[in-house]
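A single chain, nothing else alongside it, follows as structure tokens in the form predicted on its own.
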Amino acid sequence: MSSFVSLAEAAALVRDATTLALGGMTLYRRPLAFVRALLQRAARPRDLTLLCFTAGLESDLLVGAGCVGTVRSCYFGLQDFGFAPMFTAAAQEGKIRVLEETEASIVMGIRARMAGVGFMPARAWQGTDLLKLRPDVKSIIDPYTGETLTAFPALRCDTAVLHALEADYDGNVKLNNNLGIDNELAYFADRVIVTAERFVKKIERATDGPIIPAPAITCIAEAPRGAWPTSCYPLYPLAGGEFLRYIDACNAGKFDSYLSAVLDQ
């Protein structure tokens, strides 16, 4: 069953050279409070592999702080606000490794892991150059039809971090419907950390978001406004001004100053 910890205690669970998955979707319900706690540690984690369906501001902060060695994501950017500046610079300068992923490769890799097999076959990627970029992804012959398929290797994830609207004292958590692959991460990762906007006595079942039960969760930390400046519908909207401030700071070569100010808040 899930346990209740402080944000600092939750952040202390992330070790060097591990795979970290960050939940949410594009600019919605990203675990920013957790990332800030991670960066407030005396010894920040190093050589992380970021595994995200989409990577955004939360991931760009980690890249800029020098915590990331490899990125595995379908998309890395700030959506309507343009490129993720620190990731773009690091990728262009060859400071991080970008392992090409698509929706199919991530989903099939998760399915393989959850099924307890080494790979999951699909028609995706056949006839594309993606196989040249990922020599670890093999083609196989379907023994029943003779068709050539792609064998997507199983993914693994040491720690997944999700941000929730609320958690109850039984350890269940409620998300909203901007899910990305949060449901899958909860059952796929070796360790699942949840930050929650608030604690309630009992989560009321509703149709506006799924509930992840306590047995799927390792620990929960309270984090009011824990997704800010991304949105956390219906509690608060996207803080567009903060995104513009971040981009301006990065473009001016002042990422470190921006980060220090954010961590001191």
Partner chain sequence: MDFTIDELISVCIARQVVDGEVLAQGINTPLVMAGLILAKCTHAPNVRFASAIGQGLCQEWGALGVGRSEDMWLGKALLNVGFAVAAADMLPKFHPKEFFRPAQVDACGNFNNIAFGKDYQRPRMRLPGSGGIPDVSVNHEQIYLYVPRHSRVTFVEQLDFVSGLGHAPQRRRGHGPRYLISDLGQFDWHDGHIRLLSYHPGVSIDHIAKKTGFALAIAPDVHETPPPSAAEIRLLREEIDPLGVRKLETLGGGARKDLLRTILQREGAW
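Numbering follows the first chain given and starts at 1. From a predicted model like this one, the values you see are computed outputs, not experimental measurements.
Separately, the form predicted in complex with the partner chain exists; it is not shown, and the next lines address it.
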**OP:** Verify the contact flag for Pro215: yes if a non-hydrogen atom of it lies within 4.5 Å of a non-hydrogen atom of the partner chain in the model of the complex, no if not.
**Re:** no
**OP:** Answer for Ala151 alone: is it within 4.5 Å of the partner chain in the model of the complex, judged on heavy atom distances?
**Re:** no
Original post:
Any of the heavy atoms of Tyr169 lying within 4.5 Å of the partner chain in the model of the complex?
Top reply: no
**OP:** Report yes if any heavy atom of Ile181 sits within 4.5 Å of a heavy atom of the partner chain in the model of the complex; otherwise report no.
**Re:** yes
Subject >> Site check Glu100, Leu130 and Asn177: each within 4.5 Å of the partner chain in the model of the complex by heavy atom >> reply: yes
Original post:
So which of 192-200, 38-46, 22-30, 61-69 is the stretch with heavy atoms within 4.5 Å of the partner chain in the model of the complex?
Top reply: 22-30
Subject >> Contacts with the partner chain in the model of the complex, stretch 105-125 (heavy atom within 4.5 Å) >> reply: Val107, Met108, Arg111, Arg123, Ala124, Trp125
